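Presented below, as structure tokens, is a lone chain in the form predicted alone.
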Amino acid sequence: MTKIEFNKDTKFSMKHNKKTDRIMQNILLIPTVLSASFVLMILIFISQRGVAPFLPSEYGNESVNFLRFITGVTWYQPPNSYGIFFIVVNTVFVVALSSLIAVPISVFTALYIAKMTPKPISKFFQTIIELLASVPSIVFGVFGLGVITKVVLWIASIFGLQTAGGISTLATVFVLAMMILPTITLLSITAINSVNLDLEKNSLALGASKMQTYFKVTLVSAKSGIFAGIILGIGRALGEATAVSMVAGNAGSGPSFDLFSTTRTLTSTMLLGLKETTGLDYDIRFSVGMVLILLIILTNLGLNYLKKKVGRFS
């Protein structure tokens, strides 16, 4: 065995490196704590305003009944009755439908860009997807109001159905699907490109066709990364407000599973009328925000649990 000897310079260098590492760790701790504090401050602010409507000390006889709030199927009934259960159901319904549309399109688009097209064309398509991801929410809303609602109105006319000028659940679903598509696609491309090429070569060597390899080897190997993209996409869909508010219609009661009727989501409820209201009607929208945060947390926990299950499955 070779004996390793450390001279004074080597020991000094090791001590210096450890000291530098500690300094860098402390420096990096600052932005970490700052980022966490932003989240904490937002949660505290929303909680303070969101709890107030249910406290008699704040509004006296005008305080909101909490049980009626979480189980109600009508948003507002005078003088101080609010209900949010149907809004939660509508939100989950709309996000689920938009995900059913966006996920397969995104994954197949990612597979084509990553594996089935020459590099120049692949770069071109990927750039287009990246541009779509950077489009502001208000632009999606304007496009939805000006184009998608007209398409929905045309579809309704084919089946002889009535719709409020195209403003409907279906329009909301289409807008959200467009918005989450680039997020899922870009992360799926990254996941597919990270698959070990030896796995694909081994599959081809065993006699599998390219398509069989892509669907049974590549996508299966990339499933964990693809699922991460789906989680982020659904998170964006749950939190989107501006575009949704422009095409949803903000129905006053429900839940409604009619694709051609108006709907109401948690985010549209928070956004619409926020500047025109004060007092209890203003603070109750922060209560809706608390429910939205809880829904997002539960959804992320559930999807991450499924992601772990998917990651273990082979």
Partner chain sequence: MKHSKRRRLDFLFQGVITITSMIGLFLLIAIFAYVFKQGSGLLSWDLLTSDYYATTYDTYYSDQLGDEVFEKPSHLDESVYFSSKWGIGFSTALDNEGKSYMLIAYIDSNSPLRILPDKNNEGEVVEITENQALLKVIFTNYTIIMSSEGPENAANLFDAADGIIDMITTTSGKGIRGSIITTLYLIILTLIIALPIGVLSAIYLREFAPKKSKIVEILRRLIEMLTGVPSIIFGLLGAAVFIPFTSTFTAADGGNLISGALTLAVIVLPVIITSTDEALKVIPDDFRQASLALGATKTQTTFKVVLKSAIPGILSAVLLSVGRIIGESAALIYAIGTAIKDQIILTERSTSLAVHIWSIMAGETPNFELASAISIIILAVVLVLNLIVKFIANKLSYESRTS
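Residue numbers count along the first chain shown, from 1. Whichever C-alpha set is largest while still superposing within 1.5 Å between the two forms counts as the rigid core. Note that the structure is predicted; figures quoted are calculated from it, not measured.
Keep in mind that the form predicted in complex with the partner chain is not shown, yet the notes after this line are about it.
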Legend entry - Three-residue site 164, 173 and 257 fully in contact with the partner chain in the predicted complex at 4.5 Å by heavy atom: no
Inset, instruction - Considering the partner chain in the predicted complex, find the one stretch among 144 to 152, 75 to 83, 194 to 202, 90 to 98 with heavy atoms no farther than 4.5 Å from it. - result: 144 to 152
Legend entry - the partner chain contact in the predicted complex: residue 306, any heavy atom under 4.5 Å: no
Inset, instruction - Using the partner position in the predicted complex, report whether residue 286 sits within 4.5 Å of the partner chain, counting heavy atoms only. - result: yes
Inset, instruction - Decide whether residue 212 counts as a contact residue for the partner chain in the predicted complex under a heavy atom distance cut-off of 4.5 Å. - result: yes
Inset, instruction - Determine whether any heavy atom of residue 129 comes within 4.5 Å of a heavy atom of the partner chain in the predicted complex, and answer yes or no. - result: yes
Legend entry - Heavy atom within 4.5 Å of the partner chain in the predicted complex - qualifying residues of 96 to 128: 105, 108, 109, 111, 112, 116, 124, 125, 127, 128
Inset, instruction - Would you tell me if residue 297 moves between the shown form and the other one by 2 Å or more at its C-alpha, with the rigid core held superposed? - result: no
Inset, instruction - Using a rigid core alignment, state whether the CA of residue 70 is displaced by 2 Å or more between the shown form and the other one. - result: no
Inset, instruction - Superpose the two forms on their rigid core, then report whether the C-alpha of residue 51 is displaced by 2 angstroms or more between the shown form and the other one. - result: no
